[in-house]
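What follows is one chain in structure tokens, specifically the form predicted alone.
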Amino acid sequence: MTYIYKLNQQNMNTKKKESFFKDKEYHAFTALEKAHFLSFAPYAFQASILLRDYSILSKLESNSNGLSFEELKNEFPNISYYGIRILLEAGIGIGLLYEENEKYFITKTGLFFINDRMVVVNTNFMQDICYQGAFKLKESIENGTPAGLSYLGNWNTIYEGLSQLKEKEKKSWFDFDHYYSDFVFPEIMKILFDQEIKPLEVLDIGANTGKFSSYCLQHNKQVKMSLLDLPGQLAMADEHLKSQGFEGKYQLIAHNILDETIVIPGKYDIIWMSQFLDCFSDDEIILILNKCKVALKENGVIMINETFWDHQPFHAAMYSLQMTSLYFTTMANGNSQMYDSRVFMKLIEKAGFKVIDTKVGVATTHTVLTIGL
């Protein structure tokens, strides 16, 4: 069961949204309650994880008439009387369940927490990738390095270690990464292959596991795809594309995009970057865009897919992206973020490009920029 937000186009613009939490819109008591909730947020999160992973919430969902404490205790003999009690009481305070006539029921929030695909993906990502490292946020900000990454492995950035993550961690990372790109790719095909230059040669920078290139090869039999990424990611992309029957229809380019001494080989009609540039700092984005200049054919363009937080129609989406920036700070590389579009546009201008076209609200939350020289 997945709940998809519907886009209100009137809310979509390039201006920064006003705060959803203006003090004048809340009574002092409501504001104080929110502050108290934040003060215990780490325990609220961990208790929610256990209520989900022990299947307590699922059991309540499947019993619409509610369950008594004794019935729940009998359902979970491996959890102590004490453990069941404190989790149920915490769940009431968190808002995942409620008690009525000595029976426990799941709330609407509880239903969303265990069933909504986006919520599940985000929760697993936070738990398996980010939670321990979040304690290193202050150190990461002050040093400009992902101090929390040491909880996962001994790498400079998480991208160097993706192929080496433990299976559960790897699944949570890629589920998170793919969720916010996979559903938009069909919409992207309509935009990408509607270009006047009729792209035949496309460079996919930050190819990851090759899913975008796979969509392109399925959509257009004449397209020539080149995938550029680090060797570990290209190995996964190669495996995926071969499994799709595309062997011989693409080329792999192992390349460190931040190495200024290496030129991107080839010339391309379109250079595509999907949720890639948000993995880099301001200066690094300018560097990457400058490197792309020499790889563009005459009249070639760069197309950029991003989820700018100020382009989101709902507070929950904006909040999720702003919190994801803290993942970049503590776990990914220490210096990137999910960008405010106004900041991003200035970087494009500094790199000497102009925006040719902007499509906001693609698949609800995405913005696709077409830029050229």
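Just count from 1 along the sequence shown to find any residue number. These numbers come from a predicted model, not from an experiment.
Separately, the form predicted together with a small molecule exists; it is not shown, and the next lines address it.
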{"query": "Three-residue site 229, 274 and 279 fully in contact with the small molecule in the predicted complex at 4.5 Å by heavy atom", "finding": "yes"}
{"query": "Partner-contacting position among 268, 185, 125, 250 - heavy atom within 4.5 Å of the small molecule in the predicted complex", "finding": "185"}
{"query": "Among the candidates 191, 200, 258, 121, the residue which, in the predicted complex, approaches the small molecule to within 4.5 Å (heavy atoms)", "finding": "258"}
{"query": "Partner-facing stretch of 93-101, 131-139, 242-250, 170-178, counted where any non-hydrogen atom is within 4.5 angstroms of the small molecule in the predicted complex", "finding": "170-178"}
{"query": "Heavy atom of residue 215 within 4.5 Å of the small molecule in the predicted complex", "finding": "no"}
{"query": "Proximity of residue 206 to the small molecule in the predicted complex, heavy atoms at 4.5 Å", "finding": "yes"}
{"query": "Residue contact check: residue 159 to the small molecule in the predicted complex, 4.5 Å heavy atom", "finding": "yes"}
{"query": "4.5 Å heavy atom contact, residue 233 and the small molecule in the predicted complex", "finding": "yes"}
